[in-house]
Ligand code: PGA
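Starting off, we have a lone chain in the form predicted on its own, written out as structure tokens.
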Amino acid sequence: MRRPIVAGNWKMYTRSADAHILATAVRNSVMNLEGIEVIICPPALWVSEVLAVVGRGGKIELGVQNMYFEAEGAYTGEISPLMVRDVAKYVIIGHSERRAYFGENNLDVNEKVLAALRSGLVPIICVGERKREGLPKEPRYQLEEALHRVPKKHYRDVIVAYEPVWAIGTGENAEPEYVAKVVSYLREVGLADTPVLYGGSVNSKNVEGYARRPEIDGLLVGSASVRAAEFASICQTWAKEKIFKA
């Protein structure tokens, strides 16, 4: 179901004490916001600790940044969807950093999406082009491959995050008009009821432009999400300014 969402990807930042302080600050800042879903994805080691801070069924939902597609087995160092399900609801799949640094491909992403859905998790499927172009074909192809063998009735059970690689961590955010055009292109795959987020150098100064585009349902925030005041400001602006159209 389409809904306003702000998700924070903490990546490989925070130590244990930092995670506790950050989670507490975010919880206190967003607890009274209405009409918005907030998701935070801390490093896997800190998920249980963060869960103890934010609780279950509150304003904040938890996600993990990655998982393996097998339910269990001799896969040293991996995290299974069943393990994730005990502590979190969401899982980021196919982030460009996983593709670039760990060699993940479209087949890996598809296996993980299928495993997440089988286990009752909500996959946040990341897609995005490496180079800026007029109407990029790469993210749509990635999305089609990620949804291979997923029945269309389950498209509403996933979240898609459009993150152009050239905008991630560069300070060069994509213009809202450009993002809206790409999101509309992605929706042609059959995403009428699927939340589509934008990610890529999002901050409190540029968030309002995205909130005013009805095509964009939410944000996947990277580095700004580990700065409590900055992330809280993004969430507050989204809740206040977003003109949501289902």
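Just so it is clear, the model here is predicted, and its values are computed rather than measured. Each residue number is its position in the shown sequence, starting from 1.
The same protein has a further form, the form predicted together with the ligand, not shown here; the description that follows concerns it.
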Taking the partner as it appears in the model of the complex, which of 32 to 40, 61 to 69, 177 to 185, 195 to 203 has residues with heavy atoms within 4.5 Å of the ligand? 195 to 203
Can you tell me if residue 207 lies within 4.5 angstroms of the ligand in the model of the complex, counting non-hydrogen atoms only? no
Can you tell me if residue 167 lies within 4.5 angstroms of the ligand in the model of the complex, counting non-hydrogen atoms only? yes
Is residue 11 a contact residue for the ligand in the model of the complex, using a 4.5 Å heavy atom cut-off? yes
Since only the chain is shown here, I'm wondering whether residue 129 would be in contact with the ligand in the model of the complex (any heavy atom pair within 4.5 Å). no
Residues of stretch 89 to 104 in contact with the ligand in the model of the complex (4.5 Å, non-hydrogen atom): 95, 97
